[in-house]
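The data below hold one chain only, encoded as structure tokens and taken in the form predicted alone.
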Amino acid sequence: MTRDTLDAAAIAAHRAGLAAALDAGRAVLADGGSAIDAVTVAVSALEDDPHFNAGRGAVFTYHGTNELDAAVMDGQTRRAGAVAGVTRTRNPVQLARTVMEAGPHVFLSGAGAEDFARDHGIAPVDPAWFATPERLRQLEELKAHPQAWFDADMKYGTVGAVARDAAGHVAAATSTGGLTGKRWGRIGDSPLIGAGTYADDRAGAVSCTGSGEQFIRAGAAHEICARMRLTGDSADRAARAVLGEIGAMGGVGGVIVVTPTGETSMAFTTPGMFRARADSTGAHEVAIFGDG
């Protein structure tokens, strides 16, 4: 993801989407809301924006469907909820939140997750809601190359949010459509608690994006929190150390981190990562590339 591969219109659209999500989450916190409410609102905004690989705008599987994954975690209680392979839930992050708050389990998948949604008043949408012409073009481009059975370049990412509220509690949320051309019910790190999503008031909150298989093997989100909690690493030092381990496994990607004291990190090993952050001092940053 460089200025050579994203034109001016795409850059402007992604920056606008990031700013809107940031403002939505910041408004919750400014009104005294909780970190878990802030991350849910922010990720919902990104799921509704067709420029991002989550919700509407999710990439296609090899068979031309959209299969969505999401997770949330509350650092105060370490309660969590996650869903994978849903095809009819407009905002998977909201379903994951409902799993956390209203269900006896942490992780639901496929038809069972959709049944749970209906049982808890979440109306289904037509699967066509998620499809966009650009994502279909990407699938057709991938399938035009017989040697390419999935998006090995990991170009189309994940959305996530982390927040720290006025009470010092942290939370994380992550949502994705996965990889273009994914097959066999593949699930990446995004909905896996401890891999792509984790929050613990004793350390911080983490949401990840990148080559999911390596993030799973590293237990990336939990590992970052463990380093901060047990070794005293800063958020950025812990994030970069774990990304280094992932790199040694052949993976790439990035993470966003916030601690209960408000320390943040947005570290990545790729040329760019869609990212934004704001705080109560008036700081406000929206960036895409390594230099902004």
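On a predicted model such as this, the values are computed, not experimentally measured, just so you know. All residue numbers refer to positions in the sequence shown, first residue = 1.
Although not depicted, the form predicted in complex with another copy of the chain is the subject of the following passage.
Participant: Under a 4.5 angstroms heavy atom criterion, identify the one residue in 139, 125, 216, 131 near another copy of the chain in the model of the complex.
Facilitator: Among 139, 125, 216, 131, a heavy atom within 4.5 Å of another copy of the chain in the model of the complex occurs only for 216.
Participant: Can you pick the one in 222, 135, 88, 169 that has a heavy atom within 4.5 Å of another copy of the chain in the model of the complex?
Facilitator: Going through each option in turn, the one that passes is 222.
Participant: Is there a heavy atom of residue 51 no more than 4.5 Å from a heavy atom of another copy of the chain in the model of the complex?
Facilitator: Residue 51: no, not in contact with another copy of the chain in the model of the complex.
Participant: Spell out, yes or no, whether the shortest heavy atom distance between residue 240 and another copy of the chain in the model of the complex is within 4.5 Å.
Facilitator: Looking in the model of the complex, residue contacts with another copy of the chain do not include residue 240, since no heavy atom lies within 4.5 Å.
Participant: Is residue 203 one of the residues lying within 4.5 Å of another copy of the chain in the model of the complex, judged by heavy atom distances?
Facilitator: No, residue 203 stays farther than 4.5 Å from another copy of the chain in the model of the complex.
Participant: Examine residue 28 and determine whether its closest non-hydrogen atom to another copy of the chain in the model of the complex is within 4.5 angstroms.
Facilitator: It does not: once another copy of the chain is placed as it appears in the model of the complex, residue 28 has no heavy atom within 4.5 Å of it.
Participant: Using a 4.5 Å heavy atom cut-off, indicate which stretch of 194 to 202, 170 to 178, 89 to 97, 157 to 165 touches another copy of the chain in the model of the complex.
Facilitator: Among the listed stretches, the partner-contacting one is 194 to 202.
Participant: So which bits of 95 to 117 sit within 4.5 Å of another copy of the chain in the model of the complex, heavy atoms only?
Facilitator: Counting only heavy atoms within 4.5 Å of another copy of the chain in the model of the complex, the contacting residues of 95 to 117 are 104, 105, 106, 107, 108, 109, 112, 113, 115, 116.
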